[in-house]
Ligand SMILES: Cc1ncc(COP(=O)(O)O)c(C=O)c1O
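Below you will find one chain, with nothing else, as structure tokens; this is the form predicted on its own, and questions on how it binds or moves follow later.
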């Protein structure tokens, strides 16, 4: 992150997530330039729902993909227009549905027949015709590693082969209007080719559903999966041919009369917010044990569960930087641990870093997404990490 220094970190005093408005805007621009001009972008609030970050993205013209009543409230406070908000998630509370219906958002993404019936019931009570999209669990997708996956059971969406039942029940719902379709199959994809394959399979699933549609759609969300490189040896996502691939996909889609006027979207949280944030933790102590050197940091598991390896199959270290009061270029192999009495509070294992002393800082990169929003901030009652913007330091 540009303009970061030891002196600026010292003003923080406690572990902090630092975000950059400049990088955030640059990531939106990079994604937008990889898409056909006609396509829109939804930002997935689950990646990071910080209100100031949301306001920056609103000013960049992206839509809001929210997944809880509090995320919806943040989006509304951040001045996202109701027609630029969609609400996803398989377990929306009645409170959340009532707020979404009352706010007349662009689409509530329906993920089960029971949810459809509840939306219709509330909408009938409120005398509102509610716009909905159907999330579909497709028959085929491609994993982040390139493996073809046949249809699998999922808590997300309605199985593609259950669509006829869904549409039959939909016809009996007087206070909902189907305005869109939504498919999301994979996350953290670092291959442009695999992204293109998934979008092609997603569109194939949508085209198969068109036989059930009696009215044109307003919107189609093709999902996302845009990944970022967390670990040494990972390469950044290259999307050089994605635009042309999507142009071909949309050209085929427009042949269907019900899709001719639809607005097509992708969604992203990780790609947009991840590179725009770092997690900074100060060095508290160093120690030796059985020939291994440990560096104890002021923050760890309760602030950043992902850096500690939760969700990884094979443990790998995040990319890191160090900021030192007195520069020491001699390298040592260390294990970075957090301050808690919990063995999983380990942020990096056998990592080669400049020799650290008390008062130095360690920076973990690509923590703008699934950092603060993903972590058990109340664990052991540690004070939560601060969230600041580099522009304010």
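These numbers come from a predicted model, not from an experiment. Residue numbers count along the first chain shown, from 1.
Note that the form predicted together with this ligand isn't included here; everything after this is about it.
Asks: Does any part of residue 382 reach within 4.5 Å of this ligand in the predicted complex? Heavy atoms only, please.
Replies: No, residue 382 sits far enough from this ligand in the predicted complex that none of its heavy atoms falls within 4.5 Å.
Asks: So in the predicted complex, does residue 71 come within 4.5 Å of this ligand, heavy atom to heavy atom?
Replies: Heavy-atom contact with this ligand at 4.5 Å: absent for residue 71.
Asks: Taking this ligand as it sits in the predicted complex, is residue 355 in contact with it (heavy atom to heavy atom, 4.5 Å or less)?
Replies: Result no; residue 355 lies far from this ligand in the predicted complex.
Asks: So in the predicted complex, does residue 267 come within 4.5 Å of this ligand, heavy atom to heavy atom?
Replies: Yes - in the predicted complex, heavy atoms of residue 267 and this ligand come within 4.5 Å of each other.
Asks: Which listed residue (27, 366, 34, 44) meets the criterion of a heavy atom within 4.5 Å of this ligand in the predicted complex?
Replies: Answer to the contact question: 44.
Asks: From the list 124, 112, 188, 197, which entry has a heavy atom within 4.5 Å of this ligand in the predicted complex?
Replies: None of the other options qualify; the answer is 188.
Asks: Looking in the predicted complex, is this ligand within 4.5 Å of a heavy atom from each of 6, 293 and 361?
Replies: Answer is no for this spot.
Asks: In the predicted complex, which of the stretches 236 to 244, 95 to 103, 180 to 188, 250 to 258 has residues with heavy atoms within 4.5 Å of this ligand?
Replies: Checking each option against the 4.5 Å cut-off leaves 180 to 188.
Asks: With the partner left out here, which residues of 1 to 30 have a non-hydrogen atom within 4.5 Å of this ligand in the predicted complex?
Replies: Not one residue comes within 4.5 Å of the partner.
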